[in-house]
Structures are given as structure tokens and as C-alpha cells.
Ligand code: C5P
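In the block that follows, a single chain appears as C-alpha cells, in the form predicted alone.
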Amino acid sequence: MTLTPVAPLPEHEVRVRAPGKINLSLRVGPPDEDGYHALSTVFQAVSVFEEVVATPSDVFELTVSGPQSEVVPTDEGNLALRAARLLAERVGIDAGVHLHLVKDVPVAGGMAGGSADAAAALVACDSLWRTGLGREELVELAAALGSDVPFSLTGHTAVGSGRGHLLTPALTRGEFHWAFAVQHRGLSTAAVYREFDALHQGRHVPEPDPEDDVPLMQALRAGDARALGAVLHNDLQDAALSLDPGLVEPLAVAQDAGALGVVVSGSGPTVAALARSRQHALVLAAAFTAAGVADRVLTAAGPVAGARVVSATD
């Protein structure tokens, strides 16, 4: 008798998607005694995503694919691996995990790609190991990993305070459309903050005041893209331009192409241009490409949800 081969059962796998972010406003205060800066920021999660696929393993290991994957560390310095280990320690899990990162958010681009990986890894491992942690406990772990990780977990639009990790949801209406000029030459967040301090040496740096963003919050509540574009703000932009003067070019191209507002995203070097519509975002992207001022061009919409399971097999 001939036996028909039986296909192997699918391996237990959890796939999680987490968004990149932009800072609609980023206000930076003076450094404290530990060197950290108080922040007041307004985050928006946008539809440029990282995916993390978690499968069982005896050890903690990580692989990467996608744009710029060759520059992503796969050792213990990777924030996603650190997230998995932290969760395992918290719940007493003795198993390992294989994480595969599918990159799309720019690397070292000021859009929190590493933070999105960490948030996705927390959600993926929580599901894979069936730890049953509540969202508040995951947010607590996220805050221990980095200032942007809690927002990558929650997504949508939020006001960040403290080091950016204390979040308050922000009311928004409608959808906002963006075009991004991405540079493969990354900027170190730490280096940009050092340059910010150097540029302000000997000058008074006030504590960040959320009241300064009242017009921005009003624009979000009204769903008024034109009003939002007029009040985009980034205290780190001058520092990013000082370290990478070439960013002046994509900023100018976006303005010439009719962007409602244009700003360096976070610590840079990604330049974010706010469009009138989805079609106008494509026009802005084409302008970046035609002018040769970006290594990669993206379009996206926001706000979108934070880290979420998109598929799982048992």
C-alpha cells in the first residue's frame, strides 16, 4: 500500500504590524542632570509599517529583510530582541523566539522604525507565549525600552510629555496625507540632541509648553490640513540641518511643489511634507524623485492604529 504524504502542520507563527510616526510638533527643553531633555510633542502614526513575525525557538534570534535591512543590527543591540527578552523576564518564560523583521520604515530616519519593531515584538511575543498581559502592562514595558516605544504600541495621534513616553490621546478628525523624502544616510538621535545642546550653549532654553500647540490641536480636531500645515514645528530641525545641510533641498522642493507644510521628522533626516489630498501626496513624491533629493520616496496617510496582530497560526 502506498501512503500519501501528509503535509506538515503550519508552525505556530504570529505576525504583527506596527506603524512609523511623525512628530507634528516637537518642543525640546533643557537637559536634566541625566542628560535627557523634557519634551512636549504631538505624535501621529502613519501608514508606513514594520512587520515582525515571531515563531518558537530555543534561543533568541533575529533576521531582517526589506529596505536598508543590511544596516539593521541583529545582535543584542536590536531593540526588538531586547523587547522579547524583557517580556520573557517579566513573565518568567524560559523559551526563546525567532523574530523576523520586515522593514519599511526608514532606518535611523526620525520615524521610530526601531521603536515600532520593539512594540511589534512585545505584542507578537505576548501572543506567541500566551502571557495574557494587559495593554497597560505592555505599555509599561514599552516605556522601559525607549521614549517612542509606547506610542508605537498605541498609535493614532497623541500628545507626549516627559521624555515623550507619557501619552494623552488627541482628538482628530479625518485623514491627513503625507509624502516623505527618505535618505539612506541616517542621523543618530543622540548626535542630533548633542548638536541641539551645542547650538543653544549659553542661551536660555525654556521648558516645553503644551499651550504652544493649541493651534495645532485645534487644526487636528477640525480636520483642517491647511491649518495643520501652517503650525508644524520641530525644535530639532536646526540641529538636523546643521549636521546634514543637504536636507535644505528636499524642504525647498516640497515647498515649491505646494506642500501645506514641511518639516524634518523627529531627529531626521526624513523630510515630511503635508499634502492637500492623496493625489497631491503623489505629486509631492514625484517632485522629490524628479529633483533627485531623496534616496527613497514614500507616501502615507494618518492617523493609523498602533501595533496589532494581523495573523496567527496555532
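Nothing here was measured: the structure is a model prediction, and the numbers come from that model. Note that residue numbering begins at 1 and tracks the sequence as displayed.
Not pictured, yet referred to below: the form predicted in complex with the named molecule.
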Worksheet entry | Position in contact with the named molecule when the complex is considered in the predicted bound form, options 131, 237, 183, 147, heavy atoms within 4.5 Å | 147
Worksheet entry | Candidate from 262, 39, 247, 64 lying within 4.5 Å of the named molecule in the predicted bound form - any heavy atom | 39
Worksheet, complete the sentence: Per contact check vs the named molecule in the predicted bound form (non-hydrogen atom within 4.5 angstroms), the hit among 222 to 230, 116 to 124, 98 to 106, 190 to 198 is 190 to 198
Worksheet item: Could you tell me if residue 163 has a non-hydrogen atom within 4.5 Å of the named molecule in the predicted bound form?
Response: yes
